[in-house]
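Below sits a lone chain in structure tokens, taken as the form predicted alone.
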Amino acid sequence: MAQNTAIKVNETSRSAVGRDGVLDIAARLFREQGYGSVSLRKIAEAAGIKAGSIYYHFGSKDEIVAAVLDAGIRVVHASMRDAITDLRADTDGETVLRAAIRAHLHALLDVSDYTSANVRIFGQVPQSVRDANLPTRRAYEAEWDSLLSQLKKDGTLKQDVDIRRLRLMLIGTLNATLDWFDPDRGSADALSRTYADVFLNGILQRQDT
């Protein structure tokens, strides 16, 4: 009886792995192992299902990858947008920029396998998959461009700042933390404060003249 019950529980857990469950597992594997090392069979094994069962939800590995990439951008985009929206309308520009940086790092390092997987494997996937992800990526970049342009307009940023280059530097630098960040040696929130201080105040000691 106990054995039959265990079998039924196991079968139930396996059948409960639907499209979202497959994506959750795939995102974790891509984050941990990269694109090339993760096969459909490996995803199926981690999900506790037969490899053929994946085809009920996805036609190929790259279809899974495309879904993971899109989800990863949407998670960080929503995190950043919500962080800004939650601020008072009269919040100063420096606080707004700090909130955006903190939200990006929080989504990347603390919240989502999808966001981490996106950063880790984007350069590894076929060009056709990268091209499919570009509209979602461009929408997030446009969110940053809009924010930085507003900060430039209200005088928070210098008038000679190139918005596109600043956005590329910001997002690129924040994403690179995925390669070395160790939560045992500090929090994402503390890291965001350090990065914001550098971006906003620089690193050189200015001499009074």
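Everything numeric in this text was worked out from a predicted model, so none of it was measured. In this text, residue numbers run from 1 along the sequence as written.
The form predicted together with a further copy of the same chain is left out here; the points below concern that form.
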| query | finding |
| --- | --- |
| Residue (of Leu178, Leu40, Ile49, Leu157) lying close to a further copy of the same chain in the predicted bound form, criterion heavy atoms within 4.5 Å | Leu157 |
| Leu147 within 4.5 Å of a further copy of the same chain in the predicted bound form, heavy atoms | no |
| Any non-hydrogen atom of Arg120 within 4.5 angstroms of a further copy of the same chain in the predicted bound form | yes |
| Partner contact for Ala142 in the predicted bound form: a further copy of the same chain, 4.5 angstroms, heavy atom | no |
| 4.5 angstroms heavy atom contact with a further copy of the same chain in the predicted bound form for Ser60 | no |
| Interface residues of 74-98 toward a further copy of the same chain, as seen in the predicted bound form [heavy atoms, 4.5 Å] | Glu94, Leu97 |
